[in-house]
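Next up is one chain by itself, shown in structure tokens, the form predicted on its own.
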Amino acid sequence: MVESSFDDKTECLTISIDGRFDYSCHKLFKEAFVSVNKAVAYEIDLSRVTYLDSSALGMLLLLRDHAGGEKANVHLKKPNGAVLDILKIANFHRLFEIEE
């Protein structure tokens, strides 16, 4: 499940994923960030993610590109141990701010 909310005050889009973060989330995840053009910051809440695969990594890269590439302000929040391990193996700690 993918849910999103936009804070007008901070111009931050928060996207929360619950359960498996895989290809089945692709459409909802992409719609969440493409539908909000005025976001300057993005928080991806991974605290309830139980599984993450390569398609999820690809979706995060698409979000990063959409948000401005190297200048993107994207924070990955509260990944559990297994998810954090996958992010680190993929060197995502070099591309994103990861808040444990």
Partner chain sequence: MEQILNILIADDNPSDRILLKAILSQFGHNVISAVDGQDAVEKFDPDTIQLVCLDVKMPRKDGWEAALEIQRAAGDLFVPIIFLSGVADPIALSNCLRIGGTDFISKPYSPALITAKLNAIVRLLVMQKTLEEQRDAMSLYNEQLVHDQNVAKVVYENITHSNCLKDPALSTVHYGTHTFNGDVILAAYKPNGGMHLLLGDFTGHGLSAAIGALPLADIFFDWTKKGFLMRQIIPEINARLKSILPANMFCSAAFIDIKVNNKSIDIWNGGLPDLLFFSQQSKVPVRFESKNLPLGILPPDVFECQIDPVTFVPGNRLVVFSDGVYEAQDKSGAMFCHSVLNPLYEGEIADDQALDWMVEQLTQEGVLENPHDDISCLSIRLDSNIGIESHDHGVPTSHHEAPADFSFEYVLNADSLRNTDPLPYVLQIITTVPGLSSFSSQVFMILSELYSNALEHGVLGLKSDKKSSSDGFSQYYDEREQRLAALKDGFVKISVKVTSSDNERVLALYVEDSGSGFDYQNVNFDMSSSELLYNRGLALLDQLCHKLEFCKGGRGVTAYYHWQVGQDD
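Treat the numbers as computed from the prediction; the structure is a model and nothing was measured. Residue numbers count along the first chain shown, from 1.
Just so you know, the form predicted in complex with its partner chain exists too; it's not on screen, but the next bit is about it.
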Is it the case that residue 68, even though its partner is missing from this view, gets within 4.5 Å of its partner chain in the model of the complex, heavy atoms only?
no
Evaluate residue 26 for contact with its partner chain in the model of the complex, applying a 4.5 angstroms cut-off between non-hydrogen atoms, and reply yes or no.
yes
Answer for residue 12 alone: is it within 4.5 Å of its partner chain in the model of the complex, judged on heavy atom distances?
no
Is there a heavy atom of residue 57 lying 4.5 Å or less from a heavy atom of its partner chain in the model of the complex?
yes
Non-hydrogen atoms within 4.5 angstroms of its partner chain in the model of the complex: do 6, 34 and 41 all have one?
no
